[in-house]
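Shown here is one chain on its own, the form predicted alone, set out as structure tokens.
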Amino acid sequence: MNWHPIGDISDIPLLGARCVKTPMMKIAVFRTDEHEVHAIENRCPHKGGPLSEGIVHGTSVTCPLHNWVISLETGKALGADEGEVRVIQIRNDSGQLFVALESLVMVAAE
């Protein structure tokens, strides 16, 4: 696996997110209240809202535009809503965060 550094976990506030721009897509990187990190495509499946600006709760994020709730673990819309975003592989190595370049290439190819 080819990992690309994207910053430090301290760059992301607890229950917050940061947007990382790559040549292929924008990625939303989230930090839960348990200090877990998750990375998903920064585009709500409903109307393309910026998920990185949403409200993080548990292992989900609520889109700031129309309140769709997206699982940070699976990328799927929760509740009655249907749709999903891509989940990007992320690694936390002693606070340094890395995303898998292969997963970005696979996402761009689909």
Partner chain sequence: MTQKLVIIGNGMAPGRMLEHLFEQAPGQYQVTIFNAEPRVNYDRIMLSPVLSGEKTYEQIVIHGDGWYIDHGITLYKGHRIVAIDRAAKTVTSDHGVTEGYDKLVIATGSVPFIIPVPGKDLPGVITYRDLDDVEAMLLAAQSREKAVVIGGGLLGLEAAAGLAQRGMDVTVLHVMPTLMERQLDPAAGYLLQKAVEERGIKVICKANTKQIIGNGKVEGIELDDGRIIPATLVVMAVGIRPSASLAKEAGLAVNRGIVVDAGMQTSDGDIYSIGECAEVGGMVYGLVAPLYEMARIAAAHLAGDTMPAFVHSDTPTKLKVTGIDLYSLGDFADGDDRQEIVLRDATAGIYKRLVLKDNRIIGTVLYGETSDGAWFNDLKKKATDISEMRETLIFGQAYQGGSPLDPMVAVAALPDDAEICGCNGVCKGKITSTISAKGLTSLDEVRAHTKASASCGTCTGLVEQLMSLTLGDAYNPKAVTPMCPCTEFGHDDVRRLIKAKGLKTIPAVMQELEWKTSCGCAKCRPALNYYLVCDWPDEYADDYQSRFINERVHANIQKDGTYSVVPRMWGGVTNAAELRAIADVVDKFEIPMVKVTGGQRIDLLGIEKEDLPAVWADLGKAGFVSGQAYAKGLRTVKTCVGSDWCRFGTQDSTGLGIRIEKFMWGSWTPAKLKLAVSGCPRNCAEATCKDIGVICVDSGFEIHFAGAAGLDIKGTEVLGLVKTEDEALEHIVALAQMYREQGRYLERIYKWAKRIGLDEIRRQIMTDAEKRQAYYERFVFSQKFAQVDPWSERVSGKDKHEFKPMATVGFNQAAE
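Keep in mind it's a predicted model, so treat the numbers as computed, not measured. Numbering follows the first chain given and starts at 1.
Although it is not shown, the form predicted together with its partner chain is what the next lines describe.
Chemist: At the 4.5 Å heavy atom threshold, is Val85 in contact with its partner chain in the predicted bound form?
Modeler: So Val85 does not count as contacting its partner chain.
Chemist: Is His57 close enough to touch its partner chain in the predicted bound form, meaning at least one heavy atom pair within 4.5 Å?
Modeler: Taking the distances in the predicted bound form, the answer for His57 is yes, it comes within 4.5 Å of its partner chain.
Chemist: Evaluate Asp81 for contact with its partner chain in the predicted bound form, applying a 4.5 angstroms cut-off between non-hydrogen atoms, and reply yes or no.
Modeler: Although its partner chain is absent here, Asp81 would stay clear of it in the predicted bound form, with no heavy atoms inside 4.5 Å.
Chemist: Using the partner position in the predicted bound form, report whether Gln89 sits within 4.5 Å of its partner chain, counting heavy atoms only.
Modeler: Residue-level check for Gln89: no, no contact with its partner chain.
Chemist: Pull the contact list for 73-96: residues with a heavy atom within 4.5 Å of its partner chain in the predicted bound form, in sequence order.
Modeler: Read in sequence order, the residues that approach its partner chain (within 4.5 Å, in the predicted bound form) are Glu73, Thr74, Leu78, Ser94.
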